Ligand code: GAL
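The chain below stands alone and is given as structure tokens, in the form predicted alone.
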Amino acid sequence: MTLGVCYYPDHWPRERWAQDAKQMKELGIERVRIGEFAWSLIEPEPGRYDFEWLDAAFDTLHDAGLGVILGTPTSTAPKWLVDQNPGMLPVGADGRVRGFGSRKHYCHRNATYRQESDRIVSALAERYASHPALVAWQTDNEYGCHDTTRCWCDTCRSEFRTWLKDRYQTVDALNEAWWTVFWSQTYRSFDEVELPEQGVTETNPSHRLDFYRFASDGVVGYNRVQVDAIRKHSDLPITHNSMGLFPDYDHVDLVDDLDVIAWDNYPLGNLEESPFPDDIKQKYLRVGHPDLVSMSHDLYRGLKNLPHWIMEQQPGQVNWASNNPLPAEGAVRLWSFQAFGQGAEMVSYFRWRAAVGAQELMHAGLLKHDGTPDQAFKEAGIVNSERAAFDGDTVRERLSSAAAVQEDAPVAILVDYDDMWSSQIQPHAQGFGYWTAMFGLYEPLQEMGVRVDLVPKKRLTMDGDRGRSLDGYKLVLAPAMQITTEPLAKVLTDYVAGGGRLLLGARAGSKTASNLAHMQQPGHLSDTIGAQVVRVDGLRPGVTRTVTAGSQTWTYATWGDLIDASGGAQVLATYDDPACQGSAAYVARSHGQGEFRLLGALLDLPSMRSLLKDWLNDLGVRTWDLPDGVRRHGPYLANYLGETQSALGHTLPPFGVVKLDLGE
């Protein structure tokens, strides 16, 4: 368990630095991230570097016994660079240039900006690689934030055409993959292809999916420029701080170039901006939705199947959400141990001291504007004083290796960004969302205390270090797995044949890799499962319907796949709505030593919990009867409600955390 903080020495008088460093050390801070927004101070004029202040900051932190994580400053290019290279500015889908005045004002594919990024990162790496304070690097800051993953500039138009040619080789192959015969969209050459989302109405969904892939590749390629520049001078770990369930680029590709992945955890802001209904936002107003946070932890731990970092942990009120409530007393401590329990190796608080000006002046820090301790300072101190007791050899071993991380998770949920983009492009029902479908399976597992791994779907068909296996998981869930291919179908079929259990959720196998409809759904798995989806029912928000499953009645909303089980599947539940004509909603079929199941309806929480609990019990997976608002995070038990609760023999004060005995 490591504690860190984000610090901006350039924001404060130099005579304060030593005092800050001393306070950090006394608080239990070990790592300090600096520098990620400081390009204009590091290079105040073209080609003239001023490292003196950064040297002094490094030395001050080192003298206090603190390790430095140095952020590359490319997220905030200086004005002089923009003036020299206005073509670096990103262009929105509306065709308007997005200019200087905030941050992230660059196109990831602009060649000149890539060269300039390589230059500034190389200069930093060359200077600080051997400094004894340096412990790690962070590339840029929050790739894609403020809708900057996708750009519609001339560079992107030209490079998109090249990207398509590399992918399809011939324009005839592109026309076939995109089904451009529809609406007379056929292209004679790649040079005729424009950027999507600028048409009169909805543009071709296959075109858009490839553009999303192209834009994601741009982020990954830009990050690689920085990683390569650093590795020429330093072999220290390189990370990047991503943003929770951020959907705009493929994090699975990004982490291949990183030693460790980090994410920025803002539970209250993310809850306020989420699609959760008002009653849930009220319930978790002061602490955030526990399962929304845990799903992000499980995602980032799963990207490399190793412990991850929290680079920015919310310490108090944030400034950027629609509404910005104060956290409850105890929330910062709770979030810290939640992170450690979900596999994080480091929790770093953002920020050390609240800014007195500019865009983030309403954002809290560990210290207030005047430099005196805020509530989060006290709670970080409590975490420091408790972590020795909360952290033992057994706990560390469980979180220190890929094998140990997976050993404690009997259930895997497959995650995939292509699936996410495909469902975004054609949701078909207003309330349908990829993360919503994922959450519908994830939340009931959390309520029952079952540990889950989020496994990248694309890694199942990769070889070597990039590949992942489903061996060892008793149950694999595939919600909203729209895109299926023959190689993927073989991996999943082999897993089931070997004794695994696989649940396919709504829209499973409905699309090909180029976003066309499979002739049969769920695609390459239809014959094996012995069932086909013959129609779909997309319901407007607020409408609910029921299915009958034996003696139980389950409720669903938003989506229903109507299933024909005449190919040999066993019907486990049928729709009650007359419009669905008694079609199957839930079917199963044995295969080898295991079993496939296909669930077409998006069940509500009680119904999904009932389905999963019975199945898990049959599989010998332990579940816990936890009170509402209580969650198990590995070796910790946490209370997310503002009232004292009892669970598993422990008394949990409001927003409290206790350590479990490993046998509990």
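In this text the structure is predicted, and so the values were computed from the model without any measurement. The numbering used is simple: start at 1 and walk along the sequence shown.
What follows is about the form predicted in complex with the ligand, which we do not show.
Undergrad: Tell me which of 590-598, 511-519, 141-149, 119-127 has residues with heavy atoms within 4.5 angstroms of the ligand in the model of the complex?
TA: Of the options, only 141-149 has residues within 4.5 Å of the partner.
Undergrad: Give a yes or no for F350: in the model of the complex, does one of its heavy atoms lie within 4.5 Å of a heavy atom belonging to the ligand?
TA: So F350 counts as contacting the ligand.
Undergrad: Tell me, yes or no, whether V318 is in contact with the ligand in the model of the complex, where a contact means a heavy atom of each within 4.5 Å.
TA: Although the ligand is absent here, V318 would touch it in the model of the complex, with heavy atoms inside 4.5 Å.
Undergrad: Closest heavy atom of Y300 to the ligand in the model of the complex, within 4.5 Å or not?
TA: Because no heavy atom of Y300 falls inside 4.5 Å of the ligand in the model of the complex, the answer is no.
Undergrad: I'd like to know whether H363 contacts the ligand in the model of the complex, with contact meaning heavy atoms within 4.5 angstroms.
TA: Within the cut-off, so yes.
Undergrad: With the partner absent here, would F37, R103 and N241 each sit within 4.5 Å of the ligand in the model of the complex, counting heavy atoms only?
TA: Verified in the model of the complex; spot residues all in contact, yes.
Undergrad: If the cut-off is 4.5 angstroms on heavy atoms, which of these, D453, D419, E447, D264, is the one near the ligand in the model of the complex?
TA: Looking at the other structure, the residue within range turns out to be D264.
Undergrad: Just one of E379, D250, E312, D210 has a heavy atom within 4.5 angstroms of the ligand in the model of the complex, so which one?
TA: Flagged contact: E312.
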